[in-house]
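What follows is a single chain, given as structure tokens, in the form predicted on its own.
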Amino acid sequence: MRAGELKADERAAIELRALYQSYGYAPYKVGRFEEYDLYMRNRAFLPDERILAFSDTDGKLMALKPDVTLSIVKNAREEDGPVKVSYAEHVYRAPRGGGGFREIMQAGVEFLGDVDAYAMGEMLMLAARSLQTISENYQLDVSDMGVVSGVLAGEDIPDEARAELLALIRAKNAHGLCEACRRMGVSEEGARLLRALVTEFGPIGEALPRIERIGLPQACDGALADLRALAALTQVYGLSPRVCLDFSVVNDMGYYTGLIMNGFVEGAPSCVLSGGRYDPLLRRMGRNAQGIGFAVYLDQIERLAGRRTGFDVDVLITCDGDTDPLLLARTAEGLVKGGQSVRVQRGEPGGLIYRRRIHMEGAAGDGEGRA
């Protein structure tokens, strides 16, 4: 990489920060360390239970931060009203593909407060547009934990059995799910509904009406109402074809309720975005609020072969050694004041990606460039 050139994850972090700030999510900075006990108490909320820990000078066991959400929930001040924050932080964890611990760039947003239909729709929109920042070829899969938990609410099975059923649903293993339901004594109606949820998939505006016709119990009504509101908002935001309903997107019922999201882009081997609503986590941590958010795993972007996110600069001004510096300054300042980003340099552009090029020699410029 050339000196001064931003890596793909750094460039994406800048673009995402601007997106989030445009919707009122204030930048939030957290420290690199937290008490190890914070993560031990909430291991099920973490994507990986492995944590880098060390003893502080006073003997207290500390951890290099493997997650940002827990720190925000712990430190946010409720008296300030609803919390709407964004972040671009390094976390320390072993990557999903294996290998040792790495410092990974992660960006995201968190909302703590009264999570109404608008807040959920805005979060879904920001998730979709985050993926679009990385690649035009993206897909955001969503579900609502209230639907699955509503079906299971009428079944007399222990928590361990529920966890096994969730794992089978997550794997879209319809055959294994049927076998497990018979073994656990799940009712025929419950097994039928779970099987239907596993096999249904498609754009949310098309799949949701089909789901509503399978005869879900009354316990699912609230979740279905939320999904209807989200389907309508995807129309407003112009996201309908890219947002798909997929009930295999499930998570730990002890931490998540409501909307759950997983995001994918072409070329990445696994999801690059995940999040959802986590009201139980706030209750466990003694907070009187509801919460929703998501994280973008920017380390995945580096793995996209040859992927470049956007332009390095709007206008590249190249010049020779005889170009009048006053002319260069006036030209650059005029472009910046007009809302464009500018880079001035001698010689050829090399591998830079730009919208327009202006080449100047002496006191004149020709304005030639490439789109």
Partner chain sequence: MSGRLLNIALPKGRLGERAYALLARAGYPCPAVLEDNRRLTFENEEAGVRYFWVKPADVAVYVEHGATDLGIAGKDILLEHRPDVYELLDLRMGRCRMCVAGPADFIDRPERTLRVATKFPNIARDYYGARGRDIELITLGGSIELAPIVGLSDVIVDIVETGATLRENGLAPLREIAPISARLIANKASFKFCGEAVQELARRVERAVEENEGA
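Predicted model, so just to flag it, every value in this text is computed and none were measured. Positions refer to the first chain, counted from 1.
If you look for the form predicted in complex with its partner chain, you will not find it shown, but the lines that follow are about it.
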Query raised in the report: Does its partner chain get within 4.5 angstroms of any non-hydrogen atom of residue 269 in the model of the complex?
Result: yes
Query - its partner chain contact at residue 264 in the model of the complex, heavy atom, 4.5 Å - result: yes
Query raised in the report: Does residue 274 reach its partner chain in the model of the complex if we count a contact as any heavy atom within 4.5 Å?
Result: no
Query - Exercise: residue 117 in contact with its partner chain in the model of the complex, heavy atom 4.5 Å - result: no
Requested in this report: Give a yes or no on whether every one of 36, 60 and 67 sits within 4.5 angstroms of its partner chain in the model of the complex by heavy atom.
Outcome: no
Requested in this report: Could you tell me which of 105-113, 131-139, 219-227, 145-153 sits within 4.5 Å of its partner chain in the model of the complex, going by non-hydrogen atoms?
Outcome: 131-139
Query - Listed residue that, although its partner chain is not shown, lies within 4.5 Å of it in the model of the complex (heavy atoms), from 90, 283, 213, 170 - result: 170
Report task. Select from the listed residues 255, 101, 237, 201 the one whose heavy atoms reach within 4.5 Å of its partner chain in the model of the complex. Result -> 201
Query - in the model of the complex: members of 213-240 within 4.5 Å of its partner chain, any heavy atom - result: none
